[in-house]
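Form predicted alone, single chain, as structure tokens, below.
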């Protein structure tokens, strides 16, 4: 099958733009909000060691597979599968990705709205003079309200839609080329400050000195799940972004570089957070409250805490935004290319629809907290369905598609840019996709739904 050309489609204009956009998709609240508390709950360095190994062994090959599908098909997540497997049902994998992206955007915007609230609290010095219990009560009161969380959610979605309206070059690439370097600078400032705190070495030891007695099946599965969650695998974002990558760019290098950037930022977030947690004698296994409860407690105690609180919550907002635009683009690209809706209307439709569902997610912490399915709230149902079912299943079918369905000659042709590039570890890549990745992802899936 010959590869279609980009033609008149919008696309990325530079290698730096591709890296910023793809890394921005991968780098989000999963790195700066979720990664530190998962590390804390999973024993620190032992988890980190397994996580790094799994990113190299599985994360990069699966990410490369998604980019390959997108660039080979030159379409959205649905259209690429339909073009590459005409007359087959593989397009259902694309539908799963689009559905996962929609659900994730709905509940992701809830948490992203909280980051805006806490950025304003940091600016207004609202953490100053408050005890740990008072800061906990502050978060409890805020996120269970009906009005303020909804307002911030609407504002965040409007920011996301504003960037998507500009398209790939004038929207996604233009803004991520500014936001991603800014995010890295802010995170470096935070890390340097954390390392200067008395007692900071305890945090570094927790993060980088492995206690192998902590390694068990739960830690291994948690690391595997975090690797897929953090790299944005299975939700159609990398397929969509891959379709905007020029045929001259080296997909192999892009997958490696994006994975490295994503992992380094996650580790840097750990360096910025754990030394401070240990310096003030707090619990690294606090869980999701680490960001909205523990860290404000640290900021109001440390010298210069006001300045660093503002920096931290600003970088949280940026991380949330770079991810949300990639997720929204998955849905918008489908509406534009498959339903022939102009981008402005497609963006408005996708944003309003995701926001409508997202409002119920936000209210599930307060007014709708008693509306449950089993033990899960509305937020929990969407989170569980997308993260525990659609993402691992999407990743599984993606590796099966590239590993077993696509012709070996087509895969080689795409990865070698038509024979211009040497494929040094192609056999290993193919072996991982065919035999190792499907088994590993299947185990994650079965664990995530409680079968093992």
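These numbers were taken from a predicted model, which means no experiment stands behind them. Numbering follows the first chain given and starts at 1.
One more form of this protein should be noted, the form predicted together with a small molecule, which is absent from this view; the next part is about it.
- Using a 4.5 Å cut-off to the small molecule in the model of the complex, each of 26, 229 and 237 places a heavy atom inside that distance.
- Taking 327, 164, 273, 333 one by one, only a single residue has any non-hydrogen atom within 4.5 Å of the small molecule in the model of the complex, and it is 327.
- With the partner removed from view, the residue among 308, 78, 292, 108 that has a non-hydrogen atom within 4.5 Å of the small molecule in the model of the complex turns out to be 108.
- In the model of the complex, at least one heavy atom of residue 31 sits within 4.5 Å of the small molecule.
- Looking at residue 323, you'd find a heavy atom of it within 4.5 angstroms of the small molecule in the model of the complex.
- Contact between residue 354 and the small molecule in the model of the complex is not found at the 4.5 Å heavy atom cutoff.
- In the model of the complex, at least one heavy atom of residue 104 sits within 4.5 Å of a heavy atom of the small molecule.
- Contact annotation: the small molecule lies within 4.5 Å of heavy atoms from the stretch 229-237 in the model of the complex, the single such stretch among 242-250, 80-88, 127-135, 229-237.
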